[in-house]
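Below, in structure tokens: the form predicted on its own, a single chain.
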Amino acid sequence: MKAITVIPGRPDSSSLRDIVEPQLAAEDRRSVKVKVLRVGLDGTDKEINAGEYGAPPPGSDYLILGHEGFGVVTEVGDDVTELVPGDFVVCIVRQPGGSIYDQIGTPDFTTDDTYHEHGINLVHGFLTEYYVEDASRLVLVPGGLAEIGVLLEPTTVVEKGINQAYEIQRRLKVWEPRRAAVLGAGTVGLLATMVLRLRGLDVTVAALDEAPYLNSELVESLGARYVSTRHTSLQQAAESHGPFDLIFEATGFSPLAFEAMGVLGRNGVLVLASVTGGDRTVEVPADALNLGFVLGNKVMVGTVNASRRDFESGVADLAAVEARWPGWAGRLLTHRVDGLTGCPRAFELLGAAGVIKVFVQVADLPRQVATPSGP
């Protein structure tokens, strides 16, 4: 069996490796064997391949990459009743640790110092042909969503952030957000726009590039508006289209978080989705921001990884967008690379102009849901 692996800490070490195909053992009564169909790639994979972070599983000197997996069940253990061969599934990325939050089914809120995450840290990922996982960590994807199932994992990051915004604002007894801003029009920004529009919010998306281009067209096709920050500042956008009750930041540019704090409306929530590992510094109007947050009852919260609840919300929203805006989500899958041998090309595409989501077609989808190759 083949897999794409890296030597964590060694830059540009990704390679195609022969490994032993996993099998269900007699004692694996709750385990499930999954054939990998598609794997999405993002900046995390690129950074791990650059040697910036990541760790192999205990007893191994390599890590199988890929945390955005989508596959089909081929075998189930004797005690598995919720899944059967032929079911499409996505695996929850973070595995439970030892904290109380892990024990209640929310490992995304763990207080452990060490994370166990498929394809990222201490657990092999999905850029391989098969994997075996406990049934409790697999999420069923309806067959009608097979063409876009590889988008579920990045969707869950959005779902968690927005779900947490609503959960936090239960403190207000009544919170009815009407206007939202999404900062960034990449994969996560577009998925955030989708989720917020499905919830009925008026959405303004602010990103650097000038319209028209594919990303701005995708924004506008959802009934949201797109503004280029080359011509319109976030402050100007807020004055024209705000006040913003919810801001979802997905740019990867940390200084914008402070600018967003300044335009967030009263009783508003700022959701931060960017994982920034740099050393940027910025001068901010600290007193004004502090005063605005205190007197305006504002909240800032981060989102990363997700729990089963968020994966299930993601399945529901992907189904809803297919029903309301058929084909919209599929347009995010701009660049397909065929086979594990194509992974070097996939890494080259990450961050390139015109690319929204790169994915590796590891194996063909069943004939009834197979789609033509992307660009």
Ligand code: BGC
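All values derive from a computational prediction rather than experimental measurement. Just count from 1 along the sequence shown to find any residue number.
Just so you know, the form predicted together with this ligand exists too; it's not on screen, but the next bit is about it.
Student: Would R38 count as a contact of this ligand in the predicted complex, using a 4.5 angstroms cut-off between non-hydrogen atoms?
Tutor: Contact with this ligand, no.
Student: If we define contact as a non-hydrogen atom of the residue within 4.5 angstroms of the partner, is T334 a contact of this ligand in the predicted complex?
Tutor: Because no heavy atom of T334 falls inside 4.5 Å of this ligand in the predicted complex, the answer is no.
Student: At the 4.5 Å heavy atom threshold, is T110 in contact with this ligand in the predicted complex?
Tutor: Close contact is absent here: in the predicted complex, T110 is far from this ligand, nothing within 4.5 Å, heavy atoms only.
Student: Examine E117 and determine whether its closest non-hydrogen atom to this ligand in the predicted complex is within 4.5 angstroms.
Tutor: Because a heavy atom of E117 falls inside 4.5 Å of this ligand in the predicted complex, the answer is yes.
Student: Among L138, V157, L201, L218, which has at least one heavy atom within 4.5 Å of this ligand in the predicted complex?
Tutor: Contact check passes for V157.
Student: Only one of L190, A180, L152, V93 has a non-hydrogen atom within 4.5 angstroms of this ligand in the predicted complex; which is it?
Tutor: That would be V93.
Student: On the criterion of a non-hydrogen atom at 4.5 angstroms or closer, are K2, S14 and T341 all touching this ligand in the predicted complex?
Tutor: The answer is no: none of the three residues contacts the partner (heavy atom, 4.5 Å cut-off).
Student: Spot the stretch among 299 to 307, 69 to 77, 252 to 260, 168 to 176 with residues whose non-hydrogen atoms come within 4.5 Å of this ligand in the predicted complex.
Tutor: The contacting stretch is 299 to 307.
Student: For the stretch 39 to 70, which residues lie within 4.5 Å of this ligand in the predicted complex by non-hydrogen atom distance?
Tutor: Those in contact are D42, T44, Y53, H67.
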